[in-house]
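Before any questions on binding or motion, here is one chain by itself as structure tokens, the form predicted alone.
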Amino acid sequence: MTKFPSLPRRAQPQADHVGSGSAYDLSKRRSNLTLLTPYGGKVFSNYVETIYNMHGYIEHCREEYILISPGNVVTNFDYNALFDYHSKHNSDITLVYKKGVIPSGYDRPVTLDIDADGKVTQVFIKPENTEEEDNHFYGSALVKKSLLMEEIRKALSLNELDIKKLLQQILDRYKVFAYENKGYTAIISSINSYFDFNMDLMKKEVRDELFNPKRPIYTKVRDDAPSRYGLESKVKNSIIAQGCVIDGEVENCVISKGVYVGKGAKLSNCIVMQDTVIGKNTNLNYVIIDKDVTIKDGRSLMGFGSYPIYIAKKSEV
């Protein structure tokens, strides 16, 4: 399967992280990774225009199927099982859904009615009751390349640019099935859901499922020295990457690479991204800190579980 992420307008961070794909075993002569950068600086507000403007690349690919997958979903999913299910049911389109309560902050969520055979009988956009468990379609779908491009061209010619409404309209024309993702799934739709996911990583059962050795997750390689812990440091229930220097107290935190925590500092329920410097005698609770931030000595910042504070990249506090 060819991989072709469509990048947003500010694409440099994603391009820098993914690179040639060699760190992810995706740098190959054929069926390799290709990054599709923004189209002359123009950002499309809908999937229909976005997919159509990649039609040259998509139609040039040798692969028969297209797997659409959103970038805001964290899960370790077996796509081979999805393909087997798609083939077994002779499906035209297979939608992946998660059974549960729709995450807060989700824009126009889509839910599915499914019959006993797994066929989708109805698609609902922005249902009234989002606090009850439902079959939430979060954006992953498997479809034939020829079918996808045929429907995209037709929708564009009729100026029907809402792909969610397009999904409702094609139910009568195609066999649309649904496949349940029964594993751990975090859908990042707000600052709160991002914070909650990172706190979930403290749970062993979540880590065991996400970092399944049968389906390993790769990341960009950065060869740092092991993290160093000072004589007065205290660390409890936290995830700390390599290259850090911890001289303070850290509890219930996710700490990225190259972070410095000064003496007397106390961090609780925080997410700290790479190469951030946290000064001496600071007190941070429920704070999300982006990359390359400097927190000066003696600063105190406190959010709440339902309202964490966010510090932007390269800020100085």
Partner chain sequence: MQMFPKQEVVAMLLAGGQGSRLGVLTKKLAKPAVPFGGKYRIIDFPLSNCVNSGIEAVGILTQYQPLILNEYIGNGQPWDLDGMHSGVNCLSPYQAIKGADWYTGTANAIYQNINYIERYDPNYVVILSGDHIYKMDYNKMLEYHKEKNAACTIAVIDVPLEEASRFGILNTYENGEIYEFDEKPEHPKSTNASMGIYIFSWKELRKYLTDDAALENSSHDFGKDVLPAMLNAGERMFAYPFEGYWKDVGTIDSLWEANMDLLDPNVTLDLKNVYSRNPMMPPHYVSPDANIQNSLVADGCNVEGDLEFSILFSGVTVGKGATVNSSIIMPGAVIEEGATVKFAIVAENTVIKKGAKVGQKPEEVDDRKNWGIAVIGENTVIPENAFIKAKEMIDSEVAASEK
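Note that the coordinates shown come from a computational prediction; the quantities given were computed from them, not determined experimentally. Positions refer to the first chain, counted from 1.
Omitted from view is the form predicted in complex with its partner chain, to which the following refers.
Contact with its partner chain in the predicted complex, defined as any heavy atom within 4.5 Å, is confined among 81-89, 114-122, 188-196, 225-233 to 225-233. If you check its partner chain in the predicted complex, you find a heavy atom from every one of 207, 219 and 239 within 4.5 Å. Shown without its partner, this chain lists 161, 202, 147, 101 as candidates; in the predicted complex, only 202 has a non-hydrogen atom within 4.5 angstroms of its partner chain. Though the partner is left out of this view, residue 211 does reach within 4.5 Å of its partner chain in the predicted complex, counting heavy atoms only.
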